[in-house]
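Quick heads-up: it's one chain on its own, the form predicted on its own, in structure tokens.
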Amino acid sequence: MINLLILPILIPLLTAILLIFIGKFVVLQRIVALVSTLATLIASIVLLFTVKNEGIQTLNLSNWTAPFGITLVSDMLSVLLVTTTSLITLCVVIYSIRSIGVERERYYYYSVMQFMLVGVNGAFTTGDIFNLFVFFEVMLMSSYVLIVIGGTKIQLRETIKYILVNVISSAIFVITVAYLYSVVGTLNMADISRRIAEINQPAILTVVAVLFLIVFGLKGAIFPLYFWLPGSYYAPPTPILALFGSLLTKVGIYSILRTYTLFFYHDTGYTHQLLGILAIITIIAGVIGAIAYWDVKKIIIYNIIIAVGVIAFGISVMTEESLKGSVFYLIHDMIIKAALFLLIGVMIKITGTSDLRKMGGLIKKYPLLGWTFLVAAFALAGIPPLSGFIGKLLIVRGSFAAEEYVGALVVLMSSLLVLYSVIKIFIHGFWGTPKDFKNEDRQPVHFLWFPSAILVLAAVFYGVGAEYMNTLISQATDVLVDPTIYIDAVLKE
């Protein structure tokens, strides 16, 4: 069963290759993509229970043992993120069947989506810093295709900016890994952590930590490096937007969480303080955007930036409670952002516009859609007992305990403004006098609502079942608080 942890990477990889050869058969592509993503989800769930019962799972590819070979590592944090990613991708595949359009499907849409799943699951699972870069590149190259597929004018314009930013980021990533290797002489994450502990994190490693923050901050959209995100994420159609909004920035945040708790925890005075300041400004910048816009896509996109700030602030505080809150909130945000993007996608399908001022009265004709959106909005804002509440509560409590009062208050205030931004969508989109919209009768509203509702239901269970989830999140946090658990599991010491 030890090879189980490669399945969430291997299944989508083989599926992506297979889908290339059946590109002309759209119906067959849909069936293969659905079955494969379901299989990936099942493999992830089995792996999750294996890690829960037996502890961290590792796999050395080839005959080279760690730290010399390529190592895959599934601890509880990794497998929770892999499972969440697989669930979101499954829902997006279902949604795409009646939403993305046959033309895009013929241009290898499902194949590229599976390659992206390889990149995201691989980034969460790798135990090697260079292979983290490799999986980043797999993920990004897939996203380059997804963002441009369809070839609209806005997509082409934003693609140039998106590719340019990520190419620069990737170049800095390679340079940073080279710097790190020159200091510690290894690429295995567990071995890097051990060697940094032996040399007591010299000043050069603080520079490396800041470079990693720039790289992952660009990918995770931390202030001031988020400038590319609102425009680039606005361009693609809803299913792709849901994948980008829920997964790509979270890989950046995961990388900060992993490196800042495994590598750079000996001298947190400068690096974590810098992360905390940037996180607070990120929240403020995101809030300004979320409440300023009347475009439903822009409102939810700016809420991505707010969530990135909240999670990053929890990491910067570095207490057990704040880290647990960040992990809780990270998974919540992946699920609820995907759900919200899919739900506003249905609204856009019905009304033919993303301008909130041109919508209204949708709840009279589509009550299921309206009430589902309201539950998702409350979950996003952290209304108890829904999923956003526990994570923010833990981050705020951890921050007060560490005497980080300003950041804690900013996180609390942001909840109110997040609630305002999404309730604005509910009031102006669903409430008021019903309007007639061109071609609304032709839209598959109930079909598109179904995968969105699965994700909202998952978010509700995640919040209501917090007592059960707390066991899993605590297991994930233990590795972050005590890196020796990770090191011993990988290096078999």
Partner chain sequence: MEFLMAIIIGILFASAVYLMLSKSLLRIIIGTGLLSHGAHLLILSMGGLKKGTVPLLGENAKAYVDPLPQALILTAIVISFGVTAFFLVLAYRAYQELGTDNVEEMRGNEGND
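Predicted model only: the values in this text are computed from it and were never measured. Numbering follows the first chain given and starts at 1.
Here the subject shifts to the form predicted in complex with its partner chain, a form of this protein not shown in this document.
- [ ] Sort through T372, T159, S99, Q201 and report the residue having a heavy atom within 4.5 Å of its partner chain in the model of the complex.
- [x] After the contact test, the surviving option is T159.
- [ ] Identify which of V134, A197, I214, L409 has a heavy atom within 4.5 Å of its partner chain in the model of the complex; exactly one of them does.
- [x] Checked against the cut-off, the match is V134.
- [ ] Report the stretch among 338-346, 313-321, 174-182, 257-265 that approaches its partner chain in the model of the complex to within 4.5 Å, counting heavy atoms only.
- [x] Going through the listed ranges, the match is 174-182.
Open item on the list: Does any part of D355 reach within 4.5 Å of its partner chain in the model of the complex? Heavy atoms only, please.
Closed with: Contact check for D355: yes, within 4.5 Å of its partner chain in the model of the complex.
Task: Partner proximity in the model of the complex: D295 to its partner chain, non-hydrogen atom cutoff 4.5 Å - done: Taking the distances in the model of the complex, the answer for D295 is yes, it comes within 4.5 Å of its partner chain.
- [ ] May I ask you to state whether G151 is within 4.5 Å of its partner chain in the model of the complex, using heavy atom distances?
- [x] Result yes; G151 sits at the interface with its partner chain in the model of the complex.
Task: Distance check, L274 to its partner chain in the model of the complex, heavy atom within 4.5 Å - done: L274 lies outside the contact set for its partner chain.
Open item on the list: On the criterion of a non-hydrogen atom at 4.5 angstroms or closer, are F130, Y144 and I168 all touching its partner chain in the model of the complex?
Closed with: Result yes, every residue of the spot touches its partner chain.
Open item on the list: Could you pull out the residues of 183-217 that have any heavy atom within 4.5 Å of its partner chain in the model of the complex?
Closed with: Heavy-atom contacts to its partner chain in the model of the complex: only L187.
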